[in-house]
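Before any questions on binding or motion, here is one chain by itself as structure tokens, the form predicted alone.
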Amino acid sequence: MNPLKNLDKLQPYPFERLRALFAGSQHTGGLAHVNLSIGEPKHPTPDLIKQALIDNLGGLAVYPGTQGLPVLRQAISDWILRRFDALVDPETQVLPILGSREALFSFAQVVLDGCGVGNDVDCHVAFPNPFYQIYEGATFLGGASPVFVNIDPETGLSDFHSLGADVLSKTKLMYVCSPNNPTGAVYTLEDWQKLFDLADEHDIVIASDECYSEIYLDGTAAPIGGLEAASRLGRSDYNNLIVFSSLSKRSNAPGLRSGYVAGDADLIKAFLRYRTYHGSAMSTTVQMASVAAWNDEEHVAENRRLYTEKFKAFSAILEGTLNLHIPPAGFYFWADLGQSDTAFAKRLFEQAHVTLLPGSFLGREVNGFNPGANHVRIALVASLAECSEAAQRIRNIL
């Protein structure tokens, strides 16, 4: 069934590795567990989303269309215009998706069509290192080879221009993540310009993962997105650009499994054709709840306020003990420990009952070096009280 054995190339997910790391370990100090390892929002889902689900339960009785309801595509298009000042046609440049994760994975199947040993075509997919592991899985199952581009510790971003022409000539797809997971770094307009120039020169499709775009420090400038950058740079056709976003982080609704892709109309058309067979249509009940979410900004502003409060409290407690930099966006601290990340994570779990994610689990070794090593990702998703308690326990261990 799988003659190329691509499934065998898939590595255990970071949280599988974390369970294996903790196997046989236990906390004996009686402290309540604080889990800061997984990026699952814990703030309450807004009532307006819950009410919209209740008001539209009749949608459970009908098969949904893959392209989505016009009212949802219009709501997404309107939100993109308000947020990014970028015009997208709701008929040809927007599709609803079942959360960014499934679309980031399945989109590669469209771009990488024809790649693989069986077709005698050598294709590359480039993405940051450390990274969201879906990029790697999509690459392998699309018959391509991953190209890991190490994150610069100074900028928190990857320099795709560091790749040689021989690699870029075979690169079909480039995953970019801004705000970055795990560093929280964001692209500037100049960064986007360089990225577009590189993609144009080598005919590379850019898949821009922007699911953290609405989680930024309260009172600061919102991160520039790919559509905004393209529009400002005169690329209103969004050639070879597809942006992925979601309500999971923005609206504290990870279980809703709702997001969108937007951009290049030709790529959207191909992706729609694929999705028609893929069976990834969104329930109309969920679509109507999504309309309510995209049309409201008050709950998003409150969300940012809560994260900003936790960032400041957490870093204040650990000041002088752990070198923390509050990132421009996202809800992670990416902390350099200066010691083994796996050993520290295990010790912290056993002695303080706090769970963090070792950075090495998010990266891959390139030329003998894993850029995630000696780092931990701290997800500030728990309550302010729990995050503050976790910070104090970390301080005590350090």
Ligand SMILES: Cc1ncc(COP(=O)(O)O)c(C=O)c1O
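Counting begins at 1, following the sequence as shown. This structure is a prediction, so every number in the text was calculated from the model and none was measured.
Below, we turn to the form predicted in complex with this ligand, even though it does not appear here.
- The stretch among 81-89, 209-217, 284-292, 107-115 whose residues place heavy atoms within 4.5 Å of this ligand in the predicted bound form is 209-217.
- With respect to this ligand in the predicted bound form, the three residues 101, 132 and 177 uniformly fall within 4.5 angstroms at the level of their nearest heavy atom.
- Scanning 77, 303, 240, 181 against this ligand in the predicted bound form with a 4.5 Å heavy atom cut-off leaves one residue, 181.
- Note on contacts: among 299, 232, 202, 257, the single residue with a heavy atom within 4.5 Å of this ligand in the predicted bound form is 257.
- With a 4.5 Å cutoff on heavy atoms, residue 248 counts as touching this ligand in the predicted bound form.
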